[in-house]
Each structure stands twice: as C-alpha cells, then as structure tokens.
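Form predicted alone, single chain, as structure tokens, below.
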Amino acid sequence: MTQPTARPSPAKPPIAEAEKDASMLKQKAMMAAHYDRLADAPETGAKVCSTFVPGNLNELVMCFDLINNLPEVNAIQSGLRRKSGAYVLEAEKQGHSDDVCTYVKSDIGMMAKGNIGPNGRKMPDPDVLLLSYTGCFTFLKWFELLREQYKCPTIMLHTPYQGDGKITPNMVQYMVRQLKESVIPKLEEVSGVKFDIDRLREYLKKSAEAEDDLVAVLKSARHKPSPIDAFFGGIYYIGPIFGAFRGTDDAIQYYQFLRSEVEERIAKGEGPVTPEGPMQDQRYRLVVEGPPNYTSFRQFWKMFYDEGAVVVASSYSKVGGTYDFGFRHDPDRPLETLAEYCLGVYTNRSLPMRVDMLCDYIEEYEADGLLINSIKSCNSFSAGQLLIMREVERRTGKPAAFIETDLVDPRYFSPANVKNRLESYFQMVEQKRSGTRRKEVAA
C-alpha cells in the first residue's frame, strides 16, 4: 500500500528587518565601540570601573582614566539578544530566588557562562566597584555578590533619600564629604592617577551641553504628532548620556545629531520611526510608568504601534537623571553638582514626587492617560505603583491602567495577556473621550 506523501509545513513568512532611524544606528555603533574598549582592556592595560546607571559618576570616573562598565546595561543587552533567559535559569540553579531582580540573575548567569559580552568577546574583570546608592537596595546586594566574585575594591557613595521631597544643603555636604574623604582617594589609589578638579570641570561642561539637547528632544513630544516615542524610542535616546558617554565630545555630537533629526521630523509633521516603520497615525498619547520588557522589546512596541499609541513621556527615561525638570551638571560647583545629580534621579524620589511628576507629564504633554508596566522582579519601581495609578487617575481625571511583565526574564511576558489589557485600556480611553464630548455638547 502506498503511503501518503507528507505535506511540507507551510513556510513561515520572514520577519521583516526592524526599521531604525539614523540616530538609533549611531547609538548602536557607539555602544558597540564601547564594548570593544571594554573587551580590549586586558591588552591595552586600561582599568575598569563597574557602576550603575542611576547616579553614576561617569565624569568623575573618566578623571582617573577608568572605563565605565554598567552591569544592568549588560543585562539589557542580553535581554535584547534573547540570551538573558538562559542566564536567569543558570543563576536560579545556583540558588538565587525567583523573586531576585532579573538584572542581577542575568548578570550572575552571564558570568557563570563565561561572561561573554554582546560583542561576543569576554568582558573584563572590574578593578573597582563604585556604588552610588540611589534608592535601590538591590544594588547593595548585587555589589556584594560581585565583590565576592572579583575580590576587588568596593566604594560606596551613599545618597540620602528624598523622603520629604527636597534636597537640603546638609544632604549635599554629606555627599561632598564622602567624595573628598572616601571616593576620590580610593579611585586615585586604584587607578594611580591624581585627581584633577579642572579636568572634572571640563567633563561637566560637556555634560551640560549634551543635556540641553536631550531635554529639547524629550520636550519635542509636546508636538502633535509627536516626533518621538519617549518610552521605546527613549531607550535609544538615553543610552549614551545615562552610561559611558556623558561628559564626552561623542555625547555632544550624538545629541546634536539626534536633536537635528527630531527637528526635521517636526518640520515635516512626521512621527517617530518604529521597528515597523514610521508612526503617523497617533490615536493615543500616553504617559508610561515603569521599565519596558527587553526580551520581547519589538513585539511589545508593535502592540502600541498597532493601536496607534505613542508614548509622549515616561518615568523610566529619567532613571539616569531628571534633566527635564531643570537639573544640569554645573562645572562651577563640581562636587556639589555630582551630589545633586545623584539626589535627583527618579529612583531616589519619594512616591508623592513620582505622582507629581506623572501628573505634570499628563498635563504638559496633553496625554490621554497613564499606563503602568509593573515589573515582577523590580521592587524599586513596582512598590506603590497601584497607589500611584489611583492617585494620578484621581488628580488628572484621565484613565490609568496596569500591565505586568519583567525586565529580562522571558517567562513573564505573556503577549496575549498584555495585548488584552492594552485593548481594554484603549477602550477606556475611548469611553472617556465620548463622555467628555457629550458633556461639551450638553454645555
């Protein structure tokens, strides 16, 4: 008996290559070059300082010819490349709990599997760990693990929490004293380079110039249509200034280039470039609280694109500095301005301050409402988010909604669940609009 011939499975359509604008490609090249500098460190003799994004002291680090390495950025890169899932599982095999921040587990797992960076080359061991503590207790425990792994010097700059919503002179002086008595002497010892405050002033001057252009880009979202997406696109925009490039000529050039690109889109009445193409049909303007999911970054962004939802402001794009509220690094007050920078980052702000910020964004950017992406493993962002959501909704009269994913653990991204919640939220927005229109007609 002749056996029936098996039909070949239909070929899956190829996934179209993600579209990127020129500034995204430029940022990607900058990051690639930085990872090459890190990988070359054992051969060049350069020393490496591992630190974190919120409150990082890149200008000070550069004064000692140290290369900045950011563990959470390494985890993000692993997530975008879909390698973090295996790293997280490896860390859990070592005994790390399900509840531990997945940035930490990705980093620990990456070290266990050879510590290969996103460029396919081995990451160097740090010569010093510099923790500018800014509100996230997990960073403390993370650095304890790294110190145990690398047996290198560890420096901590403690940042007082803004519990009362203001920065006092005592807070600043407390931090300046730490810089003078602990941080700078230790960096001199590790690097063998004598501290030069005029060198620091020059880096701070360059930081302020780049910060001006970044703020102009962020505030461009007040236009309709918005020429940027301040959440997904914002991830690209903040990369250089929140990490290893703040205080450099490269940062100045990048943000001049980015600003020019955005201003050109404004002049043409164009929306942001997304992986699916330019976003012209902007039906919803949102403010987003919380980090994105990186393991399904493009799929997540596409859900917003498909609904015509553009993010005009986000809290996550302020974790490395709240420049849009007026802060600039000040070369005339070099140590004081470093302290004020650390004090003002988003993770060091109290819940009432975060509510104020989100309400201000909804008003300034004429947003339709607030969307919170709650991260399963990030207590720093997730604590109090339901209270934040209810208070913002009460104060602005705009609808708010809550979705849940994770940073770099693919097990906690449910496309169907996220899509359903987004669709329900946009229905809420439409109902709110209809109610407002009826009231206007009745009046």
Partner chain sequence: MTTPARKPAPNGDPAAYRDALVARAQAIFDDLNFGEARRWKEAEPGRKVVGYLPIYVPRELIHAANALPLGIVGGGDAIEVIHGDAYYQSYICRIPRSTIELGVSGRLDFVDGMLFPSICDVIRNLSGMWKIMFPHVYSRYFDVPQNYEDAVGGNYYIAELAELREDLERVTGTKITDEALNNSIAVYNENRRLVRDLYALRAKVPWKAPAPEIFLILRAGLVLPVEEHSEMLRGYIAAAEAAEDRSLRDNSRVVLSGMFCEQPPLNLIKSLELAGCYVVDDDLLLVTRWLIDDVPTDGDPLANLAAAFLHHSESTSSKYEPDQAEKGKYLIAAVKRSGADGVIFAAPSFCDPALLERPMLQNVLRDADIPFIAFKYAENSGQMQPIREQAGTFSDAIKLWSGA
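All values derive from a computational prediction rather than experimental measurement. Positions refer to the first chain, counted from 1.
One more form of this protein, predicted in complex with the partner chain, exists but is not displayed; see below.
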Problem - the partner chain: the contacting residue among Ala216, Leu145, Leu89, Ile116 in the predicted complex [heavy atom, 4.5 Å] - result: Leu145
Practice task
Report the residue, out of Gly397, Gly384, Pro415, Pro42, that has at least one non-hydrogen atom within 4.5 angstroms of the partner chain in the predicted complex.
Solution key: Gly384
Handout entry: Close approach of His158 to the partner chain in the predicted complex, 4.5 Å, heavy atom
Key = yes
Practice task
Consider Leu351 of the chain shown here, and say whether it contacts the partner chain in the predicted complex, taking contact as heavy atoms within 4.5 Å.
Solution key: yes
Exercise for the section: Although the partner chain is absent from this view, report whether Leu140 comes within 4.5 Å of it in the predicted complex, heavy atoms only. Expected result: yes
Handout entry: Partner proximity in the predicted complex: Gly95 to the partner chain, non-hydrogen atom cutoff 4.5 Å
Key = yes
Exercise for the section: Would you mind picking out the stretch of 56-64, 397-405, 22-30, 42-50 that comes within 4.5 angstroms of the partner chain in the predicted complex, counting non-hydrogen atoms? Expected result: 397-405
Problem - Asp281, Glu393 and Gln427 each touching the partner chain in the predicted complex (heavy atom, 4.5 Å) - result: no
Problem - Within 25-45, the residues that have a heavy atom no more than 4.5 Å from the partner chain in the predicted complex - result: none
